[in-house]
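For reference, the chain that follows is the form predicted alone, supplied as structure tokens.
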């Protein structure tokens, strides 16, 4: 059986990362970022390697012609090898957005965003997989911006973007600190869920908790709104219980004051290990002059994303809603 392009790339990323992991005595993900950088720069950047290791790597790299692969093939192979590395060193906040959800977010961005050229922010960019999925599926001139506090994840995002030749600016900082970026046209994010430990920083936010720690996901929504132009859209992957927590009252008020809810698409429950982990895609629009709320909010309970027939029905429903509310 012929080896697929994705398998071919996966093998190369995986084997060269393993060689570097052994030689540099580092984690697999660190080695993956190193090998990705070597491939992009078309040279071996690590000076401390033995001659044998250098030869082994050179042989592998010379067998690769990256320009023969599509952006999506590169992204998928890189995602698979990153997931492998994450299994070795799992941290709950490092879980990647499933591909099917990333493609759905891309579809929604495509539908709602009218300009041919715009700026798109992911304030919880991680390894860049969600951002790259969306950029790869938009046939437009889109500038991506990503922010993440984790220096290893941002390095993987940087390598990821370079290998796919996607124009992305990346910032390695706490996303809830002041961001020195111009307002963007749209935001996508798989929101980190949980408490934000920095009460001093949280005090700058309208959505801070009255007492105790604030919800990070609430603060991320407020931060995203701050950095979105009037009339801009936010496509946020949120926990299903977003409006049911003890801090939900303040969030309701904030949304009423600053935003328009365009839609809420509940992801199929079979995607999640337990009910508590289930999520939805919340579509918001920042208020502004001439911005009118939809006649009715788009509310969808998504079928299993692998059920083609039911997904087609959902797309028809969405197109009909767009015609009636966005036409």
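Residue numbers count along the first chain shown, from 1. On a predicted model such as this, the values are computed, not experimentally measured, just so you know.
We do not show the form predicted in complex with S-adenosylmethionine, though everything after this point is about it.
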| item | value |
| --- | --- |
| Proximity of residue 95 to S-adenosylmethionine in the predicted complex, heavy atoms at 4.5 Å | yes |
| Distance check, residue 190 to S-adenosylmethionine in the predicted complex, heavy atom within 4.5 Å | yes |
| In the predicted complex, residue 175 touching S-adenosylmethionine (heavy atom, 4.5 Å) | yes |
| 4.5 Å heavy atom contact, residue 150 and S-adenosylmethionine in the predicted complex | yes |
| One residue of 196, 118, 158, 205 in contact with S-adenosylmethionine, assessed in the predicted complex (non-hydrogen atom, 4.5 angstroms) | 196 |
| Option from 162-170, 207-215, 238-246, 142-150 whose residues, in the predicted complex, bring a heavy atom within 4.5 Å of S-adenosylmethionine | 142-150 |
| Triplet 32, 34 and 38 all within 4.5 Å of S-adenosylmethionine in the predicted complex via a heavy atom | no |
| Contact set, 97-136 vs S-adenosylmethionine in the predicted complex - heavy atom within 4.5 angstroms | 97, 122, 123, 124, 125, 126, 127, 128, 129, 130 |
